[in-house]
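Next up: just one chain, as structure tokens, the form predicted alone.
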């Protein structure tokens, strides 16, 4: 994690080598060839039916590169990872390539980390197992996102889930898991359905906002986060609504998602992601929807808590700056700018039709358990410590939408 102090000092954790731009996927066969002659692809459900997949296979054949494949449906589980590792451990895999949304990238990252190790991923998951120290080595991993949301292509953590009453959503986390390459081709986003654009977009913006206001934020991440928000805030809706600048929107959101991953890897996140973890573990709510549902009310709660208890908290001015950027009004000051931020986020929540928690079977009686399980790593970097009462009120407000 990055560290900062009163003198502005900070350290930046390892990042992938980044290849960004339309058509970047064409570079993949050469990148794979640099690692050896046998590659394991980990993809979502649809990529293998695309023209991109056919082109990749042809290019691999010309280089005499063999390949295996794992398909990921839904959020990856420890069971999926362990089964893939057992199947391909002795296959001489030289490189793992994840192509898809955050689920495919997280699964690929975890598989790459374990192929040469042999342990179950449960040995390394934070908070649910023995939490053994991971020493590697990891197989080289290349991340190719096909959605604009999680930023997993730039992080060291693989988020794995087990759903149900005894469920969890936890990370296998180590710098060795950072992808060797983040190959970000905005053209891969062209087939995203509208509901996925909306949910992933809200995840991306939430990560940028929470990174910017994190207790571990620093000048490096601040400039990246605010710049990505500025670049993407208007053209996001152009892409969503297939407007005249839809291609600009895809490009900007692919960039913003990448930057959100870089920033969260350095700074941590906040209350939205603290709550999203148990929400997604215990209930069938997609991660981006959980973020989209909670970001406006969490932002409002943080601001109110700081204004009441910590009026000198530097995050208050950061929230004001976010309000100026998102509203487009540079003349707003202090509380007025923060109100503009809350208003913008509430407006986005309505425009994107983010559903209430009750749509996923969550009732008032579920809230105490959600609050009790929300104190993970993301909550520790929220700009102010929120009480259980405040977290409860946030969830209650979002039950009906």
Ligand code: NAD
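Residue numbers count along the first chain shown, from 1. In this text the structure is predicted, and so the values were computed from the model without any measurement.
Omitted here: the form predicted together with the ligand. The next part is about that form.
The partner is absent here, but in the predicted complex a heavy atom of 191, alone among 215, 230, 329, 191, sits within 4.5 Å of the ligand. In summary, among the residues 301, 251, 157, 313, the only one with a non-hydrogen atom within 4.5 Å of the ligand in the predicted complex is 157. Shown alone here, residue 46 lies within 4.5 Å of the ligand in the predicted complex, counting heavy atoms only.
Put simply, residue 196 is close to the ligand in the predicted complex: some heavy atom of it is within 4.5 Å.
Although the partner is absent here, residue 266 lies well away from the ligand in the predicted complex, with no heavy atom inside 4.5 Å. At least one heavy atom of residue 75 is located within 4.5 Å of the ligand in the predicted complex. In plain terms, the part of the chain that comes close to the ligand in the predicted complex, with a heavy atom within 4.5 Å, is 95-103 out of 95-103, 116-124, 131-139, 79-87. At a distance of at most 4.5 angstroms from the ligand in the predicted complex, none of the three residues 211, 378 and 382 contributes a non-hydrogen atom. Annotation for 286-304: the only interface residue with the ligand in the predicted complex is 287 [heavy atom within 4.5 Å].
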